[in-house]
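Starting off, we have a lone chain in the form predicted alone, written out as structure tokens.
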């Protein structure tokens, strides 16, 4: 385990009183720390149990640790080593005082014995944490219903349930000077690129911060391009999604205290893919991807196209449509750009309010917003009816993007593209699109090009980008992610009727 705090490494003393005095100084004014000293035994055979109330299972602690120790003390026979008496399955020893403090803060119990230069560390679990439930942010019609929780050990166990291989490696780190948050790096040895694994370890060890409260803290420390609007890691609450990413040669970062697990390297196309694409038949998966690609275009460009065409390129519209839009905008006091910005900002504000408010109030805000924007604003002559349709379509289109962080990026980029369209017409939008394309071509996620498959072009990966080919055709892992162990399954597994059925037919 990598820790960044205790570098001097003071040792555990042979004197029990000295250890207790030092711990009482360390945990001064920490009312939740419990010191349980032995009573009725000679001082040379005394011991002390130290733990934090609320984050250990006191019932297990009493059954597996206290009961055998008290029984030994009551027998009058002094035990030279208390470890054989303790029935807990997870027990270790350390002579490093800093490790003892870390272990106690991490929810383990420590036993100090008179005359012993080591402390016994016992893991009894405990503490109140949320149980495994269906992820609220990644609901599926078909697929597993279990999701990650705030307990890092539960989360890694959920991955172990799915990948029962000794090649699955989990390396522990401790980050945060004050929070000492447990972090685990997971990858498949022999499949993940060793250079990428070394690089992510280097970036994790380089983090210096007082606290890690969510995986988002780590994401901003280890991404390649800090000023890019596009996410270079994606996160999930679903164990099946994380397991699938590990099997493709990526790594996952688990952070204690959050159900969101980071994964990388990623490409732009993964932001448009959902785990359910691989659970439904490939026709459905392919259709859904085309639908998302089409609505991605609407979410990004539709308001800009409306503003630029109605402002500079009216001759591109059919006459009837042009007259209809002109009639609707006749009484509007604002130019199309300002009108669209007002509507987009109002829509984003309503969406944000709907997310943050309780569910009952959120629905009320949505109804109120729909009435105000859809009807009252039009009747008051502040905005026109066509722009209500445009903003509504844009909002619906942005909801079709499966990854929330990618959808936010598209929502942000819509505004500069719209402004360029309002200032320079379609020429401005072309310039903005070219800048976007150049940026995407330059972007990397742990060295992997963000547009891998299309730029650089790799024919073998198109089957999982524009379409979702059948599982029996995906016999190799993506070359852009890993060059190791690329064979996923033997080729030639296409299903077919039995030969005798063909002859009968």
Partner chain sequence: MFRRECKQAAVLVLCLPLLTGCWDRREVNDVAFVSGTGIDKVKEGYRTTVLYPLAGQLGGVGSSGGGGGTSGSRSWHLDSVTGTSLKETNNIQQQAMSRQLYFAHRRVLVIGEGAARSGLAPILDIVARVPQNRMTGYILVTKGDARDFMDVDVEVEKIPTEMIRELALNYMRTPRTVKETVHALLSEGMDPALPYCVVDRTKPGRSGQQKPMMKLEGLAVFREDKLAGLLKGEEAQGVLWAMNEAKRPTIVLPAPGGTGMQAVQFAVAQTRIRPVVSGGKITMRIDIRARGSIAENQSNYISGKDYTHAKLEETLNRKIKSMVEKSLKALQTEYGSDPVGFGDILYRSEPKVWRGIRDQWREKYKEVEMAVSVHTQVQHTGTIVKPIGRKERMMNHE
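Numbering follows the first chain given and starts at 1. As the structure is a prediction and not an experimental result, all values here were calculated from the model.
There is another form of this protein, the form predicted together with its partner chain, and it is not shown here; the text below is about that form.
- From the list 185 to 193, 162 to 170, 402 to 410, 307 to 315, the contact stretch for its partner chain in the predicted complex under a 4.5 Å heavy atom rule is 307 to 315.
- Taking the partner from the other structure, its partner chain in the predicted complex has no heavy atom within 4.5 Å of any heavy atom of residue 355.
- Using a 4.5 Å cutoff between non-hydrogen atoms, residue 336 counts as a contact of its partner chain in the predicted complex.
- For the chain shown alone, residue 424 is a contact residue for its partner chain in the predicted complex, at least one non-hydrogen atom being within 4.5 angstroms.
- For residue 207, no non-hydrogen atom is located within 4.5 Å of its partner chain in the predicted complex, even though that partner is not displayed.
- Taken together, the three residues 9, 12 and 114 lack any non-hydrogen atom within 4.5 angstroms of its partner chain in the predicted complex.
- For the options 139, 389, 434, 327, the residue carrying a heavy atom within 4.5 angstroms of its partner chain in the predicted complex is 327.
- Among 87, 178, 133, 320, the residue placing a heavy atom within 4.5 Å of its partner chain in the predicted complex is 320.
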